[in-house]
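The same protein chain appears twice below, in two forms, each given on its own as structure tokens and labelled structure 1 and structure 2.
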Structure 1
């Protein structure tokens, strides 16, 4: 036997649930007649009466009572999954590490929301594991380039802007560094724990073997280390883009403006599943990132 007309099943289900055709008609936005017709159609198809027609209203027959719960559950299953998928599809989920998020992405996000009001963007400010990216429910992630990810066939990686490091401190400390980089030994170094290698990278790049880059204070992320630097707590290894605001305002200054270097990771990158890369929402966000925030970031870096 072939599955009967689906619309007839739906009409019956609604009628059975409401114990009447009028309410069912309202639910399905049709007239009583339409429900009556569909129910009869289904009854003809099955060769069984599903409703007893009473003077006032209807009552399910045995067959109707057997059919209704199954249909209700089946329709509900479909409904739930369809809604879930549509809701997922309407959302653009982005994950971005804390400092990058709070200092770069978040301040510009209102502009994106204004430009694309139809896209419901959900930002998660956190790190994520490499393995968890596909499994986790994110459409896009932002992070330092990761060679392991880049090698995966199903993952697309788009470099956004370079990471460029230079020491920065409060203006009050500037005199104590006039003697040159060696004077850094006299000041506290401010570290961010997830990337403690930054001072080492910079010192190696400029051949400062004497500098003990393990000294100083440790913060959970660059944001806090930077804020400590603003208070005069020491010298932070600043990311020129992420600390742009303090540098622009003069809250922080670069004691050695010519001495900035890149890192092994090289650049911040946008990463996402290849499958979703051309999704309209993903594409919109990607294009907006490149045209606005990334262009602005690159403009802050030495050529």
Structure 2
């Protein structure tokens, strides 16, 4: 036996739930006659009466009472799943490292939400890993580009802007660095991670072999190291984009403005599944990111 027409099932379920045709018709935006016809079509299909019809209205038969809860549950399940699929289609989940989120991406997200109100953007401040896409935890990741990402065939990696490093300090410390980079030996170095790779990268790039890059204070992230530098605690290896606010306000200055360098980590990059790279919500965020935040970030870097 084939399933009855969906319209007939829907009309009966609404009529059974409302215990009448009038309210069912209002709910489904049809006429009372249309509900009556669909219910009759279903009764003919099943070969059994579902309603007792009398002057005062209708009442469910035994068969009608058996069918109504099954249909109600089925339609509720379908509605919940449809709503969930629609919500998932409209939600864009982005994962971005904490410091990059706080210092660059998060302050600009309201502009995206205003431009694309139909997309519900959810930001997770954490570090990207390839397993995230497989687990459907997020749609896009923002991270530093490296060779491991470049070799992955299942993802697309789009460079956004370079990570550019230069020493920065509070203005009060500037006179103590007028003699040149060698004067850094007299000041405390502030490291943005226990790896201490920030100062090592910069010293190696400019051939400053005599500079002891293991000295100084170690912080868990760039945000804390930058705050310490603003307080005058030492010299931080600033990311020119992520520290742009302090540099623009004059809370930090560059003692050697011509001495900035990139890192082995490469550029900050947008990472997404190759098969979903052109999905409308992904494309909207990607295009907005390139035209706005990334263009502004690139303008802060030396040509």
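Positions refer to the first chain, counted from 1. Heads up, when I say rigid core I mean the largest set of C-alphas that superpose within 1.5 Å between the two forms. Owing to the predicted nature of the structure, the values given are computational and were not obtained by experimental measurement.
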Specify the structure that is the form predicted together with the DNA; exactly one of the two qualifies. 1
Is_shifted residue 20 between the two structures (CA, 2 Å cut-off, rigid core): yes
Did residue 210 shift 2 Å or more between the two structures, C-alpha, core superposed: no
Residue 9: after superposing the rigid core, is there a C-alpha shift of 2 Å or more between the two structures? yes
How many Å does the Cα of residue 72 travel between the two structures when the structures are matched on their rigid core? 7.4
Aligning on the rigid core, one finds that residue 56 shifts at its CA between the two structures, in Å, by 10.5
